[in-house]
Ligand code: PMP
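One chain comes next, on its own, written out as structure tokens in the form predicted alone.
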Amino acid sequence: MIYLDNAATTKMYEECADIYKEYACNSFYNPSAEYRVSLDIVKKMQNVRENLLRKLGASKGEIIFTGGATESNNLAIMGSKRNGNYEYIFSEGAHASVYNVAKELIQRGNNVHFVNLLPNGQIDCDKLYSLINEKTRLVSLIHVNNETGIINDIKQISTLIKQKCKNILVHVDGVQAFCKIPFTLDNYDLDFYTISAHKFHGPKGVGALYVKSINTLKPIIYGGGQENGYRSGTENVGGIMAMNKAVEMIDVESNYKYVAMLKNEFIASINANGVNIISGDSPYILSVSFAGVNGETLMRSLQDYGVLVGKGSACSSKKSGNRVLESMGLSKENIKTRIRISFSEMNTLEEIKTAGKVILEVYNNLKEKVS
């Protein structure tokens, strides 16, 4: 099986599975307990926090462990919300775990603005800046779009936001960027940054939220007061340690170059009439439309030939249409005939060449049947 849906999830490193087993079966102690072995777990978790800050390139700030990106995004947005006549700004390119929180804010009577996307998939910054005023509480951005691979210029956008109003909080969904594209968080004027372990070969069900200043946040889950009171619930120690192992194993710049080569080879392998590349800057994600063939039909047919690709965000796979592509102004035909292909450093060049050949063959066969 050739797996090319790495934006949905990645295969966990075996070394991470070994680490998880160690902390699930041997060093299984609850970090909230008061005996020495539990205190040792607490120290190791603190080491993970410091390691994540280093990997993010952040010299200050806090790491809050969560159950994954959805929880981290909810915590950043709902946890930073305050009563009053505030306004909130979101992008039409946001992941569902951000976009639907914005919708919930509207349901609760808050003033929410959505910023459209440009035809190239990037945030319409002119529109964004025009919406900012003294009432703006939070702006939420996506670093790398999970549908198109577009990389937004977070450094420039966040700097201009803060220049216009320094008290605005800036949240960034970094799920498709962390451990994939090189960046240094200290160069960005951000307040919150979301990561998710299963997007970079760690386990599912664990992630983290970077918080620049902890006093900007309030908990949204109440209980035993874990994570210094900001995220109650017994920490997933095995998942946290396994996530840390993945972070330690990843060479971001080396992987970036390798995956960029794979993506270029793949694009060359599917160069044919009817194939339209809808691609962003990230080497990890590629959107392609195949004229005349329903994308879902193509995706399902490819499974029979041992190639797994995606239709888009796994969190929105059961919904019709595509909000992100529609906001870019793509035609209904392009959206209907589109699939998402996403790579990882675990893919081989041979796999990529084979997948390209298979996809073209299956596409041509399907096109003949519907013509």
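For every residue, the number given is its place in the sequence shown, counted from 1. As the structure is a computational prediction, the values presented were derived from the model and not from experiment.
A second form of this protein, the form predicted in complex with the named molecule, is not displayed here; the remarks below concern that form.
J.: Please determine whether A69 contacts the named molecule in the model of the complex, using a 4.5 Å cut-off between heavy atoms.
T.: A69: contacts the named molecule in the model of the complex.
J.: Is there a heavy atom of S97 lying 4.5 Å or less from a heavy atom of the named molecule in the model of the complex?
T.: Although the named molecule is absent here, S97 would touch it in the model of the complex, with heavy atoms inside 4.5 Å.
J.: Residue-level contact is defined here as any heavy atom of the residue lying within 4.5 Å of the named molecule in the model of the complex; does I142 satisfy this criterion?
T.: Yes, I142 is a contact residue.
J.: Determine whether any heavy atom of S196 comes within 4.5 Å of a heavy atom of the named molecule in the model of the complex, and answer yes or no.
T.: Within the cut-off, so yes.
J.: At 4.5 Å between heavy atoms, only one of the stretches 61-69, 299-307, 29-37, 44-52 reaches the named molecule in the model of the complex; which one is it?
T.: Heavy-atom contact with the partner occurs in 61-69.
J.: Within 262-277, which residues have a heavy atom closer than or equal to 4.5 Å from the named molecule in the model of the complex?
T.: Sequence-ordered list is empty.
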